[in-house]
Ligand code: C2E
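As structure tokens, one chain now follows by itself in the form predicted on its own.
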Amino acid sequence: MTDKVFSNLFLFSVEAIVFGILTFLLWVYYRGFGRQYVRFWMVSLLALCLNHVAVTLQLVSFPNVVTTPKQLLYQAIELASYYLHISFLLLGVFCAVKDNQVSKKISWSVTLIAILLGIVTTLLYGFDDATVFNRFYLRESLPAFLAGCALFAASMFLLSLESLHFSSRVLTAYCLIVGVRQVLFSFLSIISLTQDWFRQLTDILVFIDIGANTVLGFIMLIWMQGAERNVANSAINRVQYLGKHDSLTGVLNREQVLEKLPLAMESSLSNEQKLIIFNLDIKRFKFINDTYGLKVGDLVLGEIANRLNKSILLPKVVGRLGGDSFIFVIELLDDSQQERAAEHIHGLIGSPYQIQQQEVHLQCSIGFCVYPDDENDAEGLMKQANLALFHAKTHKLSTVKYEEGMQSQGRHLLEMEKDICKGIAENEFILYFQPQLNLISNRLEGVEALIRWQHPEKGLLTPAQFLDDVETLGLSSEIDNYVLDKSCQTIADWYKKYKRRIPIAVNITAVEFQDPKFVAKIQALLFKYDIPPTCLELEITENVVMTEVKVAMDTIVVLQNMGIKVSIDDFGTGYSSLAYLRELPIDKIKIDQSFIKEVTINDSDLTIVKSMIKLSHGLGKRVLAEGVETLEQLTLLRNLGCDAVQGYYISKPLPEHGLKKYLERK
């Protein structure tokens, strides 16, 4: 073995060990952080290690022979591993710079092409000793040319981007220098292969390439360190940003609103203008989330924030206080502009939202106060704007300006909220039942469940004394669920005690009826108490149906298919059309008591009731009249063909024990 061969053998062996160690370091790093570009570079260094091992084996085993199958195998491994090294080096650069994921399909395709290219270029002219020059061009010149072009392109790609950190500039220089070296070597090998100086150059390039490859390994390590430092800095900046901004919409969060508001107050004083603090609440946003999904809901919130930020009113502060609540602060000179500003905000929120091929329509409630007229500190202004918003929501108004006295109403509602929640938890609410008489069989047809509050301090409270507060506080759904549960439990208890299935009618509010989980709740209750669905009747008003016609109809159809009866309560007081009445698959129509009160003495009411009964029967619906209080009313309704009645003449609402005589009667 000559000194030259021994020297090369030593160099390639040491380099193989070095690249093996670097590959191990990248593998450890990849296991900890899972970056795809690190995996690609790990494969690249592993391929380079394999390349040096193949060269070493050739130097040891076949210093002079070039045509044996074993020698060809080593050369194929050498070339394929070199192509793999270059390919995965460039894939890693792309992933590291662009932060994009490369699919497994692309990775395996690159691997297959590199291996095939190495095998094909080795086998061509592999056993023909007369084509030594062709073999050299395929095994030395071609790889150098392809690698040079690829590295040169990579350097141009890196130069076209903003440098991420120091290691990116070093890698750019490496790709440029090595790329130029490989391309020049490829051309020189074609025109000067037989020259002595070229062979001497080739010997020198072995040492240069080994040094360059070693530098490459350390460039990778430095890059990863710099990249992780950037990730850490980005994370810190992100945390700092999120500490001041809402993560979903990008506007200020509550804490930052409280910090920015005093600055806006100072600015308005210096500009001799008033600061208007608008508090916005998006109506029925929960319905959007439940119907279209949380992702669409998040996109809508982002669009709302964007519209507020870009308002022509040039807001001083835009923030999200939480959920679907926003704050919008502007400067105005004239008090008369306040209402116009509120209308502008309603217009911003009310414009349709095109989200994922869905057109979403929204409205908002607005409460606002004025600085310095109403309050002198930021916290107080936000409280007053919130009180005005609360007043707007409770009284179903679009816009409310803060006024003195709103605090007392707010305190009352806070106390009521606490009492109502406590009453639900401790079963203070009880059910009374009003019998419904079937005019054909003259027997009990069913009962309507009516809620009462057995207050520990105020005694028995009627619905008129607390239901308005329940609706104002948004607790209608909780009360509905409570009454439904108690009603189903009562149906089961009556069957155990009296062996009778008495249907119970329960009033359902719009909030609960439009809940996408409403049907599932009903199914759960029927299963929990093991009662037949025919014993439960749900009463909804016309307005519930008209608010969301399609949703209501779909829900009614599902309930009907389950066997649950659905009736329209207070018929004639809403705004439903005859077309919808015809299409609604309801079982019963309940004529409101306002038409029954004077039906025996008022010809107009008589005509209306007669028409309602005839119309309902024509549509295949049963009719029940509410508020029957006299024998004359009962007789008239019987003669008109009304199916059933309820009212004080039949019976006032009774507690459960008061129904005993009805339940024991066979």
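Residue numbers here begin at 1 and follow the sequence given. Given the structure is predicted, the values throughout are model-derived calculations rather than measurements.
Heads up, the form predicted together with the ligand isn't pictured, but that's what we're talking about next.
Using a 4.5 Å cut-off to the ligand in the predicted complex, each of L467, V483 and Q593 places a heavy atom inside that distance.
Residues with any non-hydrogen atom within 4.5 angstroms of the ligand in the predicted complex fall in just one of 216-224, 364-372, 79-87, 501-509: 501-509. Only one of E331, D515, E140, E539 lies close to the ligand in the predicted complex, with a heavy atom inside 4.5 Å, and it is E539.
For the candidate set A144, L525, I177, I451, a heavy atom within 4.5 Å of the ligand in the predicted complex is found for exactly one residue, namely I451. Among residues of the shown chain, D570 is one whose heavy atoms approach the ligand to within 4.5 Å in the predicted complex. Proximity of Q434 to the ligand in the predicted complex falls within the 4.5 Å heavy atom cutoff. The ligand in the predicted complex is not approached by E598, whose heavy atoms all lie more than 4.5 angstroms from it. Contact check for G20: every heavy atom lies farther than 4.5 Å from the ligand in the predicted complex.
Along 601-626, one residue reaches a heavy atom to within 4.5 Å of the ligand in the predicted complex: E626.
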